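Here we start with a single chain on its own, the form predicted on its own, put down as structure tokens.
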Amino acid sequence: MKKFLAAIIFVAMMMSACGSSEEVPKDVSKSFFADSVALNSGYNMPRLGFGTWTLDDDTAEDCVYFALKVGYRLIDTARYYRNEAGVGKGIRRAIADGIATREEIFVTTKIMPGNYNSPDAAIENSLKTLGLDYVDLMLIHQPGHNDEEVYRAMERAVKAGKIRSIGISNYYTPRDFDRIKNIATIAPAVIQNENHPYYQNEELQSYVKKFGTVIESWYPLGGRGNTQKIFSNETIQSLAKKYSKSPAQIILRWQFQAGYVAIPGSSNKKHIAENFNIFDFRLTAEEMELMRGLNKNRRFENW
């Protein structure tokens, strides 16, 4: 197994941007999959996914297709990213080529604040742009005027079969969570927030767990422009050396073992493949405590 995984990474290292004509061998996606978490909606969500923030339509299409070939089964986009069309094309192309079935792919998108006054139309527009009959998870992108009505619109879409699970994003405190939960008839399945070693927010994770709500990490590696601030940490560097892994792989393995869902993003084939290769090692309890000790309650963004 180790030799096989090493071969996968070697192949990935030979590739550059997602637009390259070179591809991962077809059997890769059949060989190893991320574990899933059971959501309170009754559906399973992969605990490691591919994020598409900053990718344009063409790049998103190629990178999503490549990610699905590697083995990812969770794909994250948003109306705000302006790449739902490309993401949808990449997904449909992968389905047409027999890489995965629609039921195997967990698709997330979000309603952006500019659409909070017309949430039902926003849901329809996302489905149309993605070219999909339903999405597996739809989120309110961030708190804002009329967000409670946005949540009610998503509940209506669940009942209509257009959305399978619903949740919120960028709600950081139990009070923020309760404001939505208290008006809901369907409890949020997921909260997608900034989470990385320097901002772990265990208080929220612990609080929402009793409602069956899962925390998902955007910027799980610190985000563009901030990754090196975390990668250079001595603890992470030491663990990377011990396990012959990259700092990114150490962080994603910590996220996985700590119970988060993580969605690292990249337009680099090597990094996309590397980020998925975290299932052949495990951090010890002591090492998880070391990672826990890196928390600075420091966010890099303010939304």
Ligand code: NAD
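One-based numbering along the sequence shown. What you are looking at is a predicted structure, and each value in this text was computed from that prediction instead of being measured.
Keep in mind that the form predicted in complex with this ligand is not shown, yet the notes after this line are about it.
Looking at 223-231, 158-166, 115-123, 204-212, the stretch with residues near this ligand in the predicted complex, meaning non-hydrogen atoms within 4.5 angstroms, turns out to be 223-231. This ligand in the predicted complex comes within 4.5 Å of no heavy atom belonging to Tyr43. Taking the partner from the other structure, this ligand in the predicted complex has no heavy atom within 4.5 Å of any heavy atom of Asp62. The shortest heavy atom separation between Tyr219 and this ligand in the predicted complex is within 4.5 Å.
Among residues of the shown chain, Asn277 is not one whose heavy atoms approach this ligand to within 4.5 Å in the predicted complex. Residues Trp53, Tyr81 and Gln192 are all found to lie within 4.5 Å of this ligand in the predicted complex, as judged by heavy atom distances. In the predicted complex, Ile263, Pro264, Gly265, Ser266, His271, Glu274, Asn275 are the residues of 260-278 with at least one heavy atom within 4.5 Å of this ligand, listed from first to last.
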